[in-house]
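One chain follows as structure tokens, the form predicted on its own.
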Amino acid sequence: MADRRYVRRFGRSERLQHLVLLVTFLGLAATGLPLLFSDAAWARPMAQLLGGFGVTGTLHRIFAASLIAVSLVHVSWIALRVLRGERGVLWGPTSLVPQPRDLVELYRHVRWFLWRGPKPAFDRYTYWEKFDYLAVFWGMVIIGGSGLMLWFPEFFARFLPGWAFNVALLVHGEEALLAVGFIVTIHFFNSHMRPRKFPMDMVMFTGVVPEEEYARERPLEYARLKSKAALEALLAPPPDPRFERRARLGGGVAIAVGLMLFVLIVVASLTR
């Protein structure tokens, strides 16, 4: 539609960070699963496709270092915004920090699912988006921490007992499986496969969303922006069709890879 207006929801920095997170997460999953399920029928062919088990392990560490790097960049980016006095980063309607109102929205959402009440009105971020966001921090601490122990055992053995490495090996693998399962079944559905979004939500790739869609999905923030006459400053040109096609193709490949990895996990778990 030529007269459709678009609202800027995410900036270039946020989209770039998400892209690196997407690539490194799928890379870690694709290289970690053959190592974790090395006795599965598909593990050796998959590792050979990547160059063998040795190369697979090296790639896994490269993806891990990249994910740690982008995580540190993200935390530094948040800290810089706080130091600059940017309001709303750590609390308020535009913050990704969970707040009491998220519990209220969750309760009302469940009632709506059960046809016991109206659909709740959401602000800039929903309660499930905040959960997805904080899950990354949990994964970095648990999976990243245990991975570093296994990567540099000589260093950590200076102050940790031997049994801690057995725990780290178990935690690293199980939490990684949980992360892959959650991303593919919950995050993919909430972001791309739910009604009105299927087959893909392009906002994290293009950064913009149609105004009518924004008003429907984020009515509280939309009303606040309108009341403050701040909406006009967020209006943006429509996404470039060529870029959108490339982004849709890349996103489709990412979803397909994630689903394939999830299937491999199920197959390996059932045949053990």
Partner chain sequence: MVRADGRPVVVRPDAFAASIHGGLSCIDCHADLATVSDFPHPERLAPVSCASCHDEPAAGLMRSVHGTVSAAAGGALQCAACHGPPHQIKPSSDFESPTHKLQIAETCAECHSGLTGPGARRGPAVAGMFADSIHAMALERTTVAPACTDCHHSHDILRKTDAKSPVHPPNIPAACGTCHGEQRRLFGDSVHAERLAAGSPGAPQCASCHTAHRMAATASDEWQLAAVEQCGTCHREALATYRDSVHGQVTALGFTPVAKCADCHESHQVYRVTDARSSVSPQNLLTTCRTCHPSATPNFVQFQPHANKEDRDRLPALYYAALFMDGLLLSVFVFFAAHTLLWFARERIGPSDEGAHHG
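Numbering follows the first chain given and starts at 1. This structure is a prediction, so every number in the text was calculated from the model and none was measured.
What comes next is about the form predicted in complex with the partner chain, which does not appear here.
Novice: Can we say R44, W163 and L177 each have a non-hydrogen atom within 4.5 Å of the partner chain in the predicted bound form?
Specialist: Each of the three qualifies.
Novice: Answer with one of F113, W77, F137, W91: the residue that has a non-hydrogen atom within 4.5 Å of the partner chain in the predicted bound form.
Specialist: The option sitting close enough to the partner is F113.
Novice: So which of G207, G27, P219, P238 reaches within 4.5 angstroms of the partner chain in the predicted bound form, heavy atom to heavy atom?
Specialist: It is P219 that has a heavy atom within 4.5 Å of the partner.
Novice: Since only the chain is shown here, I'm wondering whether Q99 would be in contact with the partner chain in the predicted bound form (any heavy atom pair within 4.5 Å).
Specialist: Looking in the predicted bound form, residue contacts with the partner chain do not include Q99, since no heavy atom lies within 4.5 Å.
Novice: Taking any heavy atom pair closer than or equal to 4.5 Å as contact, tell me whether Y133 reaches the partner chain in the predicted bound form.
Specialist: No.
Novice: Considering non-hydrogen atoms and a 4.5 Å limit, does the partner chain approach P195 in the predicted bound form?
Specialist: Judged by the heavy-atom cut-off of 4.5 Å, P195 is in contact with the partner chain in the predicted bound form.
Novice: Although the partner isn't part of this model, could you tell me whether H109 comes within 4.5 Å of the partner chain in the predicted bound form, counting any heavy atom of the residue?
Specialist: Result yes; H109 sits at the interface with the partner chain in the predicted bound form.
Novice: Look at the stretches 64-72, 51-59, 242-250, 227-235 and give the one with heavy atoms within 4.5 Å of the partner chain in the predicted bound form.
Specialist: Going through the listed ranges, the match is 51-59.
Novice: Scan 123-162 and note down the residues that get a heavy atom within 4.5 Å of the partner chain in the predicted bound form; none is a fine answer too.
Specialist: The stretch touches the partner through Y127, W128, F131, W138, P153, E154, A157, R158, F159, L160, P161, G162.
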